[in-house]
Structures are given as structure tokens and as C-alpha cells.
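First comes one chain, alone, set out as C-alpha cells in the form predicted on its own.
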Amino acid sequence: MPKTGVSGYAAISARVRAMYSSLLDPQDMTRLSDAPDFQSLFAQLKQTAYGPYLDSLKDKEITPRRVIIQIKNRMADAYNSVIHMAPEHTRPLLTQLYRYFEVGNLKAILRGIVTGSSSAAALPLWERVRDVLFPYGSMSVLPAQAMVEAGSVGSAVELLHGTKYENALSFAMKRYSAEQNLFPIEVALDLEYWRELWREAKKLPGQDREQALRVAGSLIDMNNLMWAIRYRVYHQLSEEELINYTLPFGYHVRDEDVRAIAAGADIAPVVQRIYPGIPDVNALLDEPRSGLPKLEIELKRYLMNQCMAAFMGNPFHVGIPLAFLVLSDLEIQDLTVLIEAKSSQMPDEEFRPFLLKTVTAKA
């Protein structure tokens, strides 16, 4: 029997709570947001828990891209630490959650191959692709450099024979070969990733299962709903295509919700049923180019609250490490917004609405 309860979670619960306490709070985000420029932001970031990951950067390396890569290393270390300490029966779920970044790397590699063949950039293609990859570490099954240097999408995909990605890619490659478009491949990778996350959550017993479905399911809900809305609003996909490119399950999002959106029903009532606290959904949908990114921010704030709620009450369940890891990712997303905004001298009123943690605007 798996070790659940106090015996299985005593050590990791204490460790994750300590890591959770080192996440930035709204006051920290306000101070960082008030930094007048990128260099000032970098100096302030060095005074936070991200400092050890930034100390090694030399002056010429202090660029927005390099700083973002370095702070992602902290999240990579957090994942590796949590997975190593977690009760054995929960590791497949936590490992699958981490694979989100490997899927992102795989898509970045394939995009690099497609765009790199026509680029006149001075740097070799592998060096350019390497700079955008998440620092996944030794757990990755991707032979990243060999894939980039294979020279074509087909040759790169052949290198994944025997990995978790083989089945999803084998079918999608038929459409890629006919259309020369990465979209079917990326959709196939995404759908298989989320199906596997859901399967791993449902395998767990008792409270572990309940908490895993709450956290992972809320993450699935957010992505699936935004897919459905974007596919309809931006891409005008047919009803059949939209259904094929989304998931028929979730924590609160139901198959009938996705099918209603696909069939042309009003989107706002669907969103408001699942996320009753989100205001002005119709207004956001009326101006989709500006409104949908704001809607996604609202859904991420809901997800953030769901994760923070996992720390209330009984601490001996997988929801604690799951929630912490999701919160770590959301924090990196906030910091990425700040780094890019400060480096481009973006006005406060343009970037602050896209920060997940509420910050106090300058007087």
C-alpha cells in the first residue's frame, strides 16, 4: 500500500511549506514593479530568493533573455527537489506535471527547425534554439541537439522512437507531411500531455486523488476553456475540429461546455458558470484581441487561489507539492512580464493588469 497521510508526507510537507514561504508576496511584486528600469529590477531581484541564480551572471550576460533563463533554473530545481522527496506513488503525477516544460522544449525544437532553415542568422541553429529551452535537466528524454541538427522535422521526430512522444507524433506527422504545418503536431502533443496528467491524477487513492484532481483539474480547465474560446474566436474552426482539438473532461469544465462553445452558443454563460467571480465577461469577449488575454489572466488568478487553498487544513496530501509547483510557474510568468516590460520601458498601465499577484499602483 502507498504511504499516505502523516507517514508519507511528514518530510515533504515541511520542506514544501518552507519553499512556499519563499515565494514572492504582493508587497514584493509591488516593489519590483516600481523599479524604474531593467537594471534596477535586476538589482532588486538579486535580493530575493532568486539571488543565488543571478549572482553568477557577468555584466555582459545581464540581458532579459538570460535573466529569464536563470530564474527558471530555480523552478527546475524546485521540481527536482519535490519529485525526489515525494511519496513514491505520487511521483508519476509530479513528473508528468514537470513534463509540461519538456513538451514546450519539444515544440520549440521543431519550430526552430522549421524557421531556422530559412534564417540568415550568424549563430548556428542549435545555439539559437538552446537559448530558448527550459532548463529541464537530466530527466529529459529529448536528444535536443541531435534533433536540431537532424535538419528536418521528420528526421528529428524519428529520434523520439521509443519515447513517450512516439505515439502522439506518429499520427500527427501524417498531417504535417501533407500540410507542412506544425499546428497538428503541437495540438497532438498538448492533448496527450493533459490526458496523461488527468490519468495520473485519477490513479491516486483517497484524499490524494481528490486534491490532485482539484489542482491539476483546475489547470486543465483553464487551458481547455481558453483553447475552445480561441479556436472559435481567432481561428473560426469548424464545430468538429474544435471538439477534436480540445478535451472532453475536466474538474469543472464539462464536455457539454466545450460542445456548446463549438456549436456557437454564447460563451459568457459558460465562463460564468465555471468562474462565477469573473466580472464583465461579455465586455472581454466583445474585444477579443485585448479582452481574451485579460480573461486568461482572470482564469490564472482563480487557479492561483485554488492552489493557495490547498495549503489550508490537513497538509498531508499531494495537493501541497502540486500547488506549490503550479504557483512557482505562475510566479515565473509574473517575473517574465516584469522583465520584458522594464527592458522595453513599457508604461505601468500597460503591464500591471497582466500581473497575477495584485500590486499597488504608484501614487
Partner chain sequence: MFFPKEMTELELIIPAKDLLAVTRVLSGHGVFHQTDSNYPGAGPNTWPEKAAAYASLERRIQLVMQALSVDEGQPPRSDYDAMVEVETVRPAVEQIEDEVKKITDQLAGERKRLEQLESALHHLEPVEEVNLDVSQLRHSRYLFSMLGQIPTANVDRLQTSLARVPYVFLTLRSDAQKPVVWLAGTQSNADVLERAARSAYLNPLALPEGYRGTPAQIIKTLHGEIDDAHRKIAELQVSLEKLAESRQQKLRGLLWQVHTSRVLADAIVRFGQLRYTYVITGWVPTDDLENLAQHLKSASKEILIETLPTKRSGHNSNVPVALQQSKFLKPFQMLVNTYARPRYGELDPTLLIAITFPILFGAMFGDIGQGLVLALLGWLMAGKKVKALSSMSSLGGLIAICGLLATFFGFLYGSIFGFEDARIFGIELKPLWISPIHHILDILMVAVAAGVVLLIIGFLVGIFNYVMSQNWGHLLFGHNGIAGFLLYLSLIGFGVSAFGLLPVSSTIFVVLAIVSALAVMFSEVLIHLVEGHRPLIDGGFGTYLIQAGVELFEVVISFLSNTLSYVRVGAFAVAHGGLSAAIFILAELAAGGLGAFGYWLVVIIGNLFIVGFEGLIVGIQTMRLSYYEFFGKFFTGGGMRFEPLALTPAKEEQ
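As the structure is a computational prediction, the values presented were derived from the model and not from experiment. Positions refer to the first chain, counted from 1.
We do not show the form predicted in complex with its partner chain, though everything after this point is about it.
- Contact annotation for the candidate site: 22, 65 and 87 all lie away from its partner chain in the predicted bound form (no heavy atom within 4.5 Å).
- None of 181, 152, 167, 290 but one reaches within 4.5 angstroms of its partner chain in the predicted bound form through a heavy atom, and that residue is 167.
- A single residue from the set 188, 274, 220, 281 has any heavy atom within 4.5 angstroms of its partner chain in the predicted bound form; that residue is 188.
- With its partner chain left out of view, the stretch that reaches within 4.5 Å of it through heavy atoms in the predicted bound form is, among 134 to 142, 87 to 95, 247 to 255, 74 to 82, 247 to 255.
- Within this chain, residue 171 lines the site of its partner chain in the predicted bound form, having a heavy atom no more than 4.5 Å away.
- None of the heavy atoms of residue 266 is located within 4.5 Å of its partner chain in the predicted bound form.
- Under a 4.5 angstroms non-hydrogen atom cutoff, its partner chain in the predicted bound form lacks residue 286 among its neighbouring residues.
- The shortest heavy atom separation between residue 241 and its partner chain in the predicted bound form is within 4.5 Å.
- Of all the residues from 310 to 331, none has a non-hydrogen atom no more than 4.5 Å from its partner chain in the predicted bound form.
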